[in-house]
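Shown here is one chain on its own, the form predicted on its own, set out as structure tokens.
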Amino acid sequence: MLPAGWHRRFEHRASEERPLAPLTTFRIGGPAQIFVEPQDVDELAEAMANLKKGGIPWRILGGGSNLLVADKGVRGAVVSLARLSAVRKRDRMLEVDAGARLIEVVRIAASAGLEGFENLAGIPGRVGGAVFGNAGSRYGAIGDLVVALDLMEPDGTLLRVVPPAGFFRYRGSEVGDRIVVRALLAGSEADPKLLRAKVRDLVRERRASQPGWVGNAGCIFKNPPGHAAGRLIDAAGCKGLRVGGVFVSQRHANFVENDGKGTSSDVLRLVDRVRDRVRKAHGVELEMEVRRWE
């Protein structure tokens, strides 16, 4: 049930039992007990304060990539940051709201002649989730660009943080239970024409070697130290391995694809089979990169 006053305060931006599968790139999962999509930072702060006061657990939804939602859905509240999507240029920096799409930020940076952002070309999702998980490629990660972060505490308090050394790690950060609201990202000056060309090349490279953005959650496993997870999975003979409506991609073995009928339980059973084969073939234990909501 929605907290008292939410029907009036958030109008159509708050609802009950909202299906989550269409809001994820995997297209898998059940509903959110409570769903709210604040239209600005003040509404976000109010929503978070209300949830804390009511003792209601919450989760933050960005672009829905790198996420596997349980078939039964999730209890508590899901707070979407999709409406917080502004991008502002500040000298050789971009001030970017958490809900901005990463690919749009990359394109804006290239056109503005800001180098470094192009290393993120072709990565799906939104900036908040990218910062939380330090999203990146073999060319670099978003943490390399972060100068400062506006983070919100669970009670709605907003604070500016300058990340110290060690704040970002491989596919992770020290954001913790705070919410990424805004990021200040810096690049060096370069020729916009050359940067736009590099972005196009990197996007083509990813599209040639990986499945599209819909029907999967991105790389399913983290790369173990000294190894590429996709190569280990391929060498263990897992390409094409299927459970129910999901299967290991033929294009890139570190992707699990949904044929449209897949479930969360299908994914987890397939993950266990892949892990077991890789363990037996290589003696390496794979760790899931995709986050699970249960």
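None of the values given here were measured: they were computed from a predicted structure. Note that residue numbering follows the sequence shown and begins at 1.
In what follows, reference is made to the form predicted in complex with a small molecule, a form of this protein that is not presented.
(request) Identify, from the list Val87, Ala82, Cys219, Val203, the residue with a heavy atom within 4.5 Å of the small molecule in the predicted bound form. (result) Contact with the small molecule in the predicted bound form is made by Cys219 alone.
(message) I need to confirm a contact call. Of Lys261, Arg269, Lys52, Arg231, which residue comes within 4.5 Å of the small molecule in the predicted bound form, counting heavy atoms only?
(response) For this set of options, the contacting one is Arg231.
(message) My question is simply whether Ser173 lines the interface with the small molecule in the predicted bound form - judged by any non-hydrogen atom within 4.5 Å.
(response) It does not: once the small molecule is placed as it appears in the predicted bound form, Ser173 has no heavy atom within 4.5 Å of it.
(request) Give a yes/no on whether Ala253 approaches the small molecule to within 4.5 Å in the predicted bound form, heavy atoms considered. (result) Within the cut-off, so yes.
(message) With a cut-off of 4.5 Å between heavy atoms, is Gly136 one of the residues that contacts the small molecule in the predicted bound form?
(response) Yes, Gly136 lies within 4.5 Å of the small molecule in the predicted bound form.
(request) Tell me, yes or no, whether Arg27 is in contact with the small molecule in the predicted bound form, where a contact means a heavy atom of each within 4.5 Å. (result) Output for Arg27 is no: heavy atoms all beyond 4.5 Å of the small molecule.
(request) Counting only non-hydrogen atoms, choose the one of 40-48, 234-242, 56-64, 27-35 that falls within 4.5 Å of the small molecule in the predicted bound form. (result) Among the listed stretches, the partner-contacting one is 234-242.
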